[in-house]
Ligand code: ADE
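Here's a solo chain for you in structure tokens, the form predicted on its own.
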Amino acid sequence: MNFHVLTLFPKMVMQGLDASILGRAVQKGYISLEAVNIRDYTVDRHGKADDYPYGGGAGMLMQAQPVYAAWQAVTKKIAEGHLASDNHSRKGEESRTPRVIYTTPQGRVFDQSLAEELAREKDLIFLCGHYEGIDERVLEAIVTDQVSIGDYVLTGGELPAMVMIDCISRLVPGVLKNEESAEYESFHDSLLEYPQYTRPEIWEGKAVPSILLSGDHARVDRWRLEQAEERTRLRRPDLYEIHTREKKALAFLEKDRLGHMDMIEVIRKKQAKIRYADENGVLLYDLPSKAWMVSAADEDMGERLLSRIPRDCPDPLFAVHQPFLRDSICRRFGAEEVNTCLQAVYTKKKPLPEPEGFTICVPDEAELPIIREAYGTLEPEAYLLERIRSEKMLAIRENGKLAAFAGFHAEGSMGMLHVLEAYRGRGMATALETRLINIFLDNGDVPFCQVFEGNQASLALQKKLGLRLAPGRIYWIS
């Protein structure tokens, strides 16, 4: 993984990250790190990169021109492959513009789930502000993510960038000696880390807990979980509440694993807020898709769950697993559009062989009208454009023309698969979905999709690729 830091103080960044675990990771090639001096790209003959803000006010503001020029230089270098190896890229897949993280207290709060998401990237660019900030125009032009490490003020963005790089790097394979240590550290499964001990066995009259000397690994694991839960309950009751809700939610959802894979995955990825969970039902709010996801054992529990959804929430979107929930939502919210789907899940761990003869790439924004017309009115145009811009869609072209497309929906399912009529029967759908499945597996995720009831061609494709159909239905309601 490659980190690129745009900063006015490159020595601060490099000296802060060149020791210990990260220093060894750089030496061994697991990660690379460069700090780019923004001043090197100013057109001012005195090396000036800041100026007074329009409208007055205290302090200085970093100018747009040098920041933009520095970003251009780094993205060009990445595209040319000067800093990154392409060993893990897929044959025929076009390079993508890396995410740009602007460190600001106005952004999303950095946490372990975001670290896990960012660790999947090949390149990350961090933009460090200083003084009173950066000209808003360049932020709008290049920044993809605004991220904060907490609600307090620092002199600049270098320390937040270093904190995030340290956290993300620990999740890169090979960086830690023990591959399991990143998984079991603090905040895994919303729990604090259990107490640990080393030699001597007795220190100042205090002995190591006897269970750790027993050699019984199963008992040790149980003890550590109990200790982590108790420590979290006492020290971080907010995290403990999240942990217990997750346990209750998963206990209910796992009773029908195939049917609930959509809800299980958003919980596992930490992208959903669990509003309620017990042995009879679960209510989630998925942040990326802004969808309420609901499953209940009976109508009484269904009514209790739906009563927790604000009636005045704007443009509500629902994914529910029972017909009585579908009917109740239509009554409560005046919903008019209901799409009935079957859920298909790829339960194997082994990647699929990818068909040859196809070059798979990301569609251009100019192809949006074709995608919009082919895909119909199932999704708003703004949503499809966002999927293209975030490179969550794939495409196949023939003779320079768009022939087929597919992608990842915001909540994490495969979807939007469509082959234009003139190109059908050539295996393009198989090639695209195979690529999607393999990307899921590369990221450690479970591939799943939702097929409109009655779409026999898509159901045949799921069977061909080895996906298993859940017995129930999912109702998407808007």
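Just count from 1 along the sequence shown to find any residue number. These numbers come from a predicted model, not from an experiment.
The form predicted in complex with this ligand is left out here; the points below concern that form.
If contact means any heavy atom within 4.5 Å, which of 101 to 109, 383 to 391, 219 to 227, 333 to 341 contacts this ligand in the predicted bound form?
Partner-contacting stretch among the options: 101 to 109.
Could you work out which of Gly302, Pro160, Pro363, Gly407 is the residue within 4.5 angstroms of this ligand in the predicted bound form, going by heavy atoms?
Of the listed residues, the single hit is Pro160.
Report the residue, out of Val172, Ile211, Ala207, Leu154, that has at least one non-hydrogen atom within 4.5 angstroms of this ligand in the predicted bound form.
None of the other options qualify; the answer is Leu154.
When the contact criterion is heavy atoms within 4.5 Å, does Gly150 count as touching this ligand in the predicted bound form?
Yes, Gly150 is a contact residue.
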